[in-house]
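Below you'll find only one chain, the form predicted on its own, shown as structure tokens.
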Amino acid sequence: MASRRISVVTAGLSQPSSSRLLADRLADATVARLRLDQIDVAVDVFELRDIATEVTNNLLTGFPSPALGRVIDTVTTADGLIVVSPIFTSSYSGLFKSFVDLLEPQSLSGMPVLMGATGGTPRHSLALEYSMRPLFTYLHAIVVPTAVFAATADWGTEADVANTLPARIERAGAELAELVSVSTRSPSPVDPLALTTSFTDLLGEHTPRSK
């Protein structure tokens, strides 16, 4: 049986988070479709609120903590990526953008990506198209056609025939699964000139010994 690995990144700030809820639903839909095709799937979920301090420190120092480094490595070497952010002031959250800023420019090249967002009203749904989609297009990711926005009113009304959220989730999950199932993407090669040892360790190696 073939196997794939999907990373899920959610930037919700509250606990519980509607962004995490949407991310879980998108992941479930994707996994279900892949398993129908006899593809085994492993899913790694990362809530950015749990590593917000590490993200900020990396922006200030230029070096990731070991925990943040593991998250970045897991995300950039996955076979597919699901990202969900709350919409603040008509765009994705600052925490979400700060995390994306830490990724190497080519690290998501060819990566199948499913985008999602949450907000108070459906009026914010276009932020996915004019804000988030260009971001991942710039990073040379392959973004699925269906982006999923969930407004507050979409939760808890699935019995209402007017609520299209479940159908949109299923369609988006199927689109990501199709791309992931045929993807031949391999992780970007490591830059041989990249600094792989922390500046602190480099200084330590040349610290004069006390006499």
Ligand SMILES: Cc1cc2nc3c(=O)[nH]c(=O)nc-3n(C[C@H](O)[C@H](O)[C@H](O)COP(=O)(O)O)c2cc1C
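What you see is a predicted model; the values in this text were computed from it and never measured. Residue positions are given as counts along the sequence shown, with the first one as 1.
Heads up, the form predicted together with the named molecule isn't pictured, but that's what we're talking about next.
Only one of 111 to 119, 131 to 139, 95 to 103, 70 to 78 places residue heavy atoms within 4.5 angstroms of the named molecule in the predicted complex, namely 111 to 119. Although the partner is absent here, V83 is not a contact residue: none of its heavy atoms lies within 4.5 angstroms of the named molecule in the predicted complex. Residues are counted as partner-facing when one of their heavy atoms sits within 4.5 Å of the named molecule in the predicted complex; in 79 to 105 these are P86, I87, F88, T89, S90, in sequence order.
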